[in-house]
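So this first bit is one chain, no partners, the form predicted on its own, shown in structure tokens.
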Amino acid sequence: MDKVIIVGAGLCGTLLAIRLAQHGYEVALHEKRVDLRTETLDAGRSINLALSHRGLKALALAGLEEAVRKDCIPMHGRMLHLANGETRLSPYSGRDDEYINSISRPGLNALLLNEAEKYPNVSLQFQSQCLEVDLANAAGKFKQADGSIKDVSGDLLIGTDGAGSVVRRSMMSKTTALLFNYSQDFLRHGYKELSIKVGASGGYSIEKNALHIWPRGKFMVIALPNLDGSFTVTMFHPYEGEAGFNELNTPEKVTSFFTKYYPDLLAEMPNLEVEYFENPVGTLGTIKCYPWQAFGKSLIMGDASHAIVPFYGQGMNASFEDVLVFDKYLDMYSGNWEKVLYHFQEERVKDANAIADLAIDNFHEMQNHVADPFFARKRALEMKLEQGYENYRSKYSLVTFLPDLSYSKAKAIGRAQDEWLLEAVKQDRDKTDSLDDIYQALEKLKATFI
């Protein structure tokens, strides 16, 4: 059976290794970092993830959904913490069984690594840094912990080595041969991880089953629950200006700023000043590229091929869905890597670009629109539609809870619905038209995209 080299033992690479092992392939999984199961992650780099239906479907394919769900906390909606001190829960769906799940990134990665280790046809090699790859021959040079260089070759090489992918950079160096296109767009915002500690009674100090958002226009904070009763908090702020990370550079400024804009949050964060200055500021960017495969021998997937900003909670889910789609073509064209890689690429590129665009949309929505009265009325109308009509789904539901619908179709239908509904509430049609009339109009609109 063919040997597959995977560069990067993050979430995507490890799930891919498991699935390839289940097909009987020999898999060599190389990771430049130490084994995260033996050493703690760097402070401020363990942002919680939102696991939803697309990711769960891929995990189910590998037989891991039940095990992963045990480490999840359901989040049924956004708990909005408004500037006036009020809170408001905005459900994600009008259906009780549709929710997203908070899960620890390192915890999930450790679970997948433990599973991969069970297969005799998988070798895990940590502190094995990919220095360069030979795309046409599925080979590479890897620097080991002792400084030695190891030459590795196989029948297929797959880069799941994240946004800074060495494999993708090798493809970029072959611009003429591959006609390689690449774009990278950074937001003028960064992120910083903080935390809400376990409540005084040992439980949750704020609502457990929600994704909390403090929207403040051009900046915001979110918080996701952890199993131990704490919350992982993430600031999404610009670099410059009053709210900028570059401006909030003393303990006094940080405390004063939180007192002004996040007073209820400040009360839950006794370690704010320490965490703020210990934890780094991370960048937020989108990567798009094409092609994803080279010479029928090498491939990139996950963040290596389509890094996105985290505002739709779909980065991990999209990467896991890569594995699902790859598996489909592996079944179709087993033994013919050229066909597997080509068809996988052609299906996924447009969908990866679509979720990247939607993530940027949601960034602006979470910052500005969730507290807007017209947006609130639109969401209320959508909830009524989802509760009253089996076939109606909001844009968020199309993306998050309907894994059999491609991201590109979900984007097209969802954007059209959003525009129609927002205009309707501005015209007070949510107050004057019957719900059935609104539903029928949206069904006609949807039919133009299917």
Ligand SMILES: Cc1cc2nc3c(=O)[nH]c(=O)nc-3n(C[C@H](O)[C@H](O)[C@H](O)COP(=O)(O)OP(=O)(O)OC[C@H]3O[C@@H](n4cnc5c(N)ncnc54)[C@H](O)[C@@H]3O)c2cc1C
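Quick caveat: nothing in here was measured; it's all calculated off a predicted structure. Heads up: residue numbers just count along the shown sequence, starting at 1.
The form predicted together with the ligand is left out here; the points below concern that form.
- In summary, the region of this chain contacting the ligand in the model of the complex, judged by heavy atoms within 4.5 Å and restricted to 26 to 34, 59 to 67, 419 to 427, 391 to 399, corresponds to 26 to 34.
- Mapping the unseen interface onto this chain, residue 321 falls outside it, with no heavy atom inside 4.5 Å of the ligand in the model of the complex.
- When contacts are judged by a 4.5 Å heavy atom cut-off, residue 238 does not count as touching the ligand in the model of the complex.
- Mapping the unseen interface onto this chain, residue 298 falls outside it, with no heavy atom inside 4.5 Å of the ligand in the model of the complex.
- Using a 4.5 angstroms threshold between heavy atoms, residue 195 stays clear of the ligand in the model of the complex.
- For the residues 255, 129, 286, 209, the 4.5 Å heavy atom test against the ligand in the model of the complex is passed only by 129.
- Exactly one listed residue, out of 310, 244, 107, 229, brings a non-hydrogen atom to within 4.5 Å of the ligand in the model of the complex: 310.
- Against the ligand in the model of the complex, the set 199, 225 and 272 makes no contact: no member has a heavy atom within 4.5 Å.
- Shown without its partner, the chain has 160, 161, 162, 166 in segment 146 to 177 as residues with a non-hydrogen atom within 4.5 angstroms of the ligand in the model of the complex.
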